[in-house]
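The chain below stands alone and is given in structure tokens; this is the form predicted on its own.
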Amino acid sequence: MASGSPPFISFLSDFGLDGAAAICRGIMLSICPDAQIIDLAHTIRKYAIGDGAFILGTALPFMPSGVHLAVVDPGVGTERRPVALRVARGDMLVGPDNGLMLLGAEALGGITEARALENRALWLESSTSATFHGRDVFAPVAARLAARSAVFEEVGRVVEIDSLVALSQPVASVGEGWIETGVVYVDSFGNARLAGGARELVEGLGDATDQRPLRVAVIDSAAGTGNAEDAVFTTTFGAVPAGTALVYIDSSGHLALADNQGSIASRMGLAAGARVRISTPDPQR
């Protein structure tokens, strides 16, 4: 955090709009009234740790240096650890040890130190609920770190970085004329963000020029397999007619699928974890 700048906290959760996020904001502002708080998202799918991880990984590089609070915590109240992570850029991330924060930490240069949140003096002063650690543990610690009324070393004992829980992430594989990859995230437009990026595109399909015809096949999803259709590679949505399927590189560098002005995820039955194959069309088809 830059010296002399106002304390900065970003906040992500799956709390929705029923008051839980506002309560956490109130706690943080009570402890650190000068804080600038940016809500990254509170409409993460319920319990979808991977969705939250994706948003942190894509959003945090554009945030000011500061403290980043993240709460998607289906294991709240269990033996899962509450942790704080310090990263190479100087930021601190606060949340559950369930894989949620690792992509965000990597995007900020990687974890340099991890600690368990064991110092109860930094938690909310009232008794701690077994179901709302966002209010009682994570928000107070994040606010005290942002206010510099506590230093990172005070939150608790050191945790081995290699012991932090990591999520299983889809990977892309390539061959001559094809890419097989997985859906990492489905955004609110119904666009499917995929593992892999421009490098895999070139390795598998060669020079993907604008308007190049491609074939997209679903090879494993909740809706089954065998769903395949034509698409085109293009750099932006409006380059094709409404309703047309396209393959593109998204604003974070990921391969992605979309319907221009439509939801390809709904239409093709795609969700996080689904596997797809992108290939050059069969000339005999």
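Owing to the predicted nature of the structure, the values given are computational and were not obtained by experimental measurement. The first residue of the sequence shown is number 1, and the count goes up from there.
In what follows, reference is made to the form predicted in complex with a further copy of the same chain, a form of this protein that is not presented.
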property	result
4.5 Å heavy atom contact, Arg275 to a further copy of the same chain in the predicted bound form	no
In the predicted bound form, Leu29 touching a further copy of the same chain (heavy atom, 4.5 Å)	yes
Contact of Asp39 with a further copy of the same chain in the predicted bound form (heavy atom, 4.5 Å)	yes
Interface membership of Arg135, a further copy of the same chain in the predicted bound form, 4.5 Å heavy atom rule	yes
Within 43 to 66, the residues that have a heavy atom no more than 4.5 Å from a further copy of the same chain in the predicted bound form	Thr43, Lys46, Tyr47, Ile55, Thr58, Ala59, Phe62, Met63, Pro64
